[in-house]
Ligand code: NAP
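A single chain, nothing else alongside it, follows as structure tokens in the form predicted alone.
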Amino acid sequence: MIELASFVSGKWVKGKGKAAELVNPSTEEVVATTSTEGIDLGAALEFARERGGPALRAMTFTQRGEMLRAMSRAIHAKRDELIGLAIANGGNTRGDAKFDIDGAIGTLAAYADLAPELGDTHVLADGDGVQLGRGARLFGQHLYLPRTGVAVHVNAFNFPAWGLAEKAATALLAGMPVVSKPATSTALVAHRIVEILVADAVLPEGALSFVCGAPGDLLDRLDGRDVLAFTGSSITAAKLREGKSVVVRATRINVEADSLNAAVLGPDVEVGSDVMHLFIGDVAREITQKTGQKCTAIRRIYVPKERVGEVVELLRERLSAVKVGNPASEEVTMGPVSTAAQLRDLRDGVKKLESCAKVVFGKTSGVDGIGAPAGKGFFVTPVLLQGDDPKAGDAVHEHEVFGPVATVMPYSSPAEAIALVAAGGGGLVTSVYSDDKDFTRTMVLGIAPFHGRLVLGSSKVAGQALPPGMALPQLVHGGPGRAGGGEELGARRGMTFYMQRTALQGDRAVLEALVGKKS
């Protein structure tokens, strides 16, 4: 039995008392335990602020980029081991585990690549300076400097590697020390990543801490210097926003929460076309990848009413080929959901969706996984529903089922499609598939205000398109409304969450010297 520790105040510390159990979701066997009881989390925060912060701020962007490069390489060197842990604790297929771990490696590398563009300096200029007086001498300039507190990252269970790395890469390049707290149920991969980074000594002391288990009073100890980045449910996010540190001390908070992501098929798309193949492939992948446990997975599928029957049959054919079971078996193409609680929530969620749609493929009960003990494991098949009369306020527009579940619905006009997509209340990503430029333009103008990212699929990009469920380090990840109202990644855009923007006014020569510009 593995007992996981936290890495705080520069050392590994094991908690006391009753430990939480991490299980293999295919067999329900306990694979590890962990606890934070008795760990001084207040001291951990102070250590990060007093040791990690100054060490990072003393480094230039270029030096921090070299640090991120070393982190990426250290994780890559243990890639196969991490894949095995993701299969055992996350229920990931090998492909899903690669998606998570390679996402972590790639995001760290992408921010390492960004560092040389920022320069061998400590200051990030925000746009060009502006003349303030009659003459050219009196000048104004906005700049960013790292905040002097600590960045606390509370990550979701579905991406223990990528979730840790995407937040850490952005914060560390900006110059803030990180305290990372993964979801306990799938913490094995994140724990091992931190072990690797600590053993390789790729970061300054105090730059990265790790809390494995319950957060205790960690969040209550944050203040106005600090930031809190959270990925998870909107219910938990609401509680965090009401916390004393946020309300009273103005701790900066960023939230990525629920998202009823959509896919819209254009009226011009014919069965057998490249665009239809792209659409069906993307939708099927987003339903099944990570067993649908992705904040970017497609939940709502809008199709011209005359195409609904064809699309349902194409998706049923694709989903019927999915083999559900223990991902340790090579033939398995979709594993279980991660926890017993996830399975209960999924079953309850499908019942809610059935108030406005009917199941046309799949089931959530009585599923024995290939290569798993009979009656064990948190298995479901992909589930496809069809709703014939969608409208705002339906369960499908109000409730996200976090699993391999999606609903096909008709629309009659671009205006109706826009209204239905918007009824989701704000999302991370929606994809539109069409070669009709007028339709695409209408959809973009109509739904962009409700999303952090739009993916436009067409025959011109079909051969090189990236799936809508892939969050890219170069582009913003986040969204308004239901999606939490936050932003992550987006290259240097994500860094500004961890930095203070300050307006300077004074002698132009002095200001330009500070930000590394020449008159």
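A residue's number is simply how far along the shown sequence it sits, counting from 1. Note that the structure is a prediction, hence the values are computed from the model and not measured.
The protein also exists as the form predicted together with this ligand; that form is not presented, and the subsequent description refers to it.
With the partner omitted here, the residue from 424, 404, 213, 146 that has a non-hydrogen atom within 4.5 angstroms of this ligand in the predicted bound form is 213. A single residue from the set 157, 379, 302, 279 has any heavy atom within 4.5 angstroms of this ligand in the predicted bound form; that residue is 157. In the predicted bound form, this ligand stays beyond 4.5 Å of every heavy atom belonging to residue 251. Under a 4.5 angstroms non-hydrogen atom cutoff, this ligand in the predicted bound form has residue 428 among its neighbouring residues. Taking the partner from elsewhere, residue 236 is found to have a heavy atom lying within 4.5 Å of this ligand in the predicted bound form. The closest heavy atom approach of residue 453 to this ligand in the predicted bound form falls outside 4.5 Å. Every residue in the set 184, 219 and 232 has a non-hydrogen atom no more than 4.5 Å from this ligand in the predicted bound form. Per the 4.5 Å heavy atom criterion, this ligand in the predicted bound form is contacted by stretch 176-184, the sole one of 176-184, 381-389, 68-76, 104-112. Although this ligand is not shown here, in the predicted bound form the stretch 470-484 places heavy atoms of just one residue, 477, within 4.5 Å of it.
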